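Take a look at this single chain, the form predicted on its own, given in structure tokens.
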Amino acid sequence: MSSTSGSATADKPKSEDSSVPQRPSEALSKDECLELFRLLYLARYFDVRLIKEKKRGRLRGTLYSSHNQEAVLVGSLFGLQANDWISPIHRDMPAFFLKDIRAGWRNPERKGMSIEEVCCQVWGKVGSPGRARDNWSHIGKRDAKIIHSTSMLAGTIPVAAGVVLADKLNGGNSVVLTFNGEGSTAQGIFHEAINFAAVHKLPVITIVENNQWAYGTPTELEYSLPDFARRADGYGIPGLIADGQDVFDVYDKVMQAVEYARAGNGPSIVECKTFRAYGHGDHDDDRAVRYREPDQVEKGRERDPIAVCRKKLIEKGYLKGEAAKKFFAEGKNAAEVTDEDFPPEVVEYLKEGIEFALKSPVPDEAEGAMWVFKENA
């Protein structure tokens, strides 16, 4: 696998067979392609619905929007096996319920979190994995193969390396996707962890969500090269670049890295070029309009992931007639969209999660010291 473009070479034998699609997405069925489209709507609706709930005063705490970055999450998670691990970050909240969602949105046996669990986490209720100790993404779930996220991006890469090293020693064949902002690639722990994974050929795929801003710092003040995938070159591992607005391209590049890792070849870095629609968090929205020019934001958002996917599905002949003209959520911010802009099954699914969370109690005050000190056996 080339370290510059992600194209196949002799170290990836399957791609040398002309009977095998050169792009993994070419092997997806019509139903799978339409499901990718539906999951983009689901990730978008989760984001805008929570923003609306906050505006209504029904939700407290900081929100970190994934608006305009949905293709990164949907495309990278869609091809994983149930027992593969993920390590999301603060802007990846949909990842918690998107993991293994192909096994069924409401399937209680799937290796991912339910929408009820995720909403309970957001509202700080008893059904949350974090037991109301945080209202956002500082959660994990071992039996779902989700590594606990932290605010220190890149800090979970060494943890992820340890997880798959243990799995490898136990005879397993799982891979792990770690999600990181492009700014985190300047941290020492990023390089130490990638170097360790490269030396030991660990199946760690590092997704770099390059949304052009590390909080308020633009990419040109973060790194001297235009492509953060070039961080891979110093470790002799593949560094792939994906169009982060194209769910099919993200799927292709991540699946190339996954297949490479599962074959025992070691880690890769996949840079997904995207754009952050709002501020770093909703606490930064007012400030963000001062450090980002309106035309810069408009240009960054002009290729909406939903619109890009819609166009490709029309070209494939998978969306035709009236179906191609329905549910136009693209190009609209949270204040502009309505429920009618989304498929009804998407609206209903999230409604179930939110209503469950709103009706759930908060944990008992006696839990206050739980997990703080080692409890008696």
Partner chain sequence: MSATVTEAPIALKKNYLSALKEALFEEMAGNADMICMGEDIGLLGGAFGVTEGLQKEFGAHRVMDMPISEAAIIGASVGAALNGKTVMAEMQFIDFISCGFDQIVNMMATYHYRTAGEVNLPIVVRGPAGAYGGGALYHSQMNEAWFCHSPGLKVVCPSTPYDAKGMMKAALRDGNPVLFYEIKELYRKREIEEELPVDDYIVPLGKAAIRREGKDVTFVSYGQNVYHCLEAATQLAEEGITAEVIDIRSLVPLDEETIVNSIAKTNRVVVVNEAPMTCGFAGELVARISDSAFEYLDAPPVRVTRMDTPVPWAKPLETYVLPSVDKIVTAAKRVVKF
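Throughout, rigid core stands for the largest set of C-alpha atoms superposing within 1.5 Å between the two forms. Numbering follows the first chain given and starts at 1. Quick caveat: nothing in here was measured; it's all calculated off a predicted structure.
Not pictured, yet referred to below: the form predicted in complex with the partner chain.
Within 4.5 Å of any heavy atom of the partner chain in the predicted complex lies no heavy atom of G127. In the predicted complex, none of the heavy atoms of N180 sits within 4.5 Å of a heavy atom of the partner chain.
For the chain shown alone, A82 is not a contact residue for the partner chain in the predicted complex, no non-hydrogen atom being within 4.5 angstroms. Using a 4.5 angstroms threshold between heavy atoms, D282 stays clear of the partner chain in the predicted complex. Taking a 4.5 Å heavy atom cutoff to the partner chain in the predicted complex, the contact residue among R131, K111, K273, R303 is R131. When you look in the predicted complex, the only residue of F78, F248, W136, Y260 with a non-hydrogen atom within 4.5 Å of the partner chain is W136. Using a 4.5 Å cut-off to the partner chain in the predicted complex, not one of I101, N173 and Y349 places a heavy atom inside that distance. Of the candidate stretches 91 to 99, 156 to 164, 239 to 247, 67 to 75, only 156 to 164 contains residues with a heavy atom within 4.5 Å of the partner chain in the predicted complex.
Contacts of stretch 281 to 312 with the partner chain in the predicted complex, defined by any heavy atom lying within 4.5 Å, are made by D284, R287, R290, Y291, listed in sequence order. In this overlay on the rigid core, K325 has a C-alpha that sits less than 2 Å away from its partner position between this form and the one not shown. The rigid-core alignment places the CA of R58 2 Å or more apart between this form and the one not shown.
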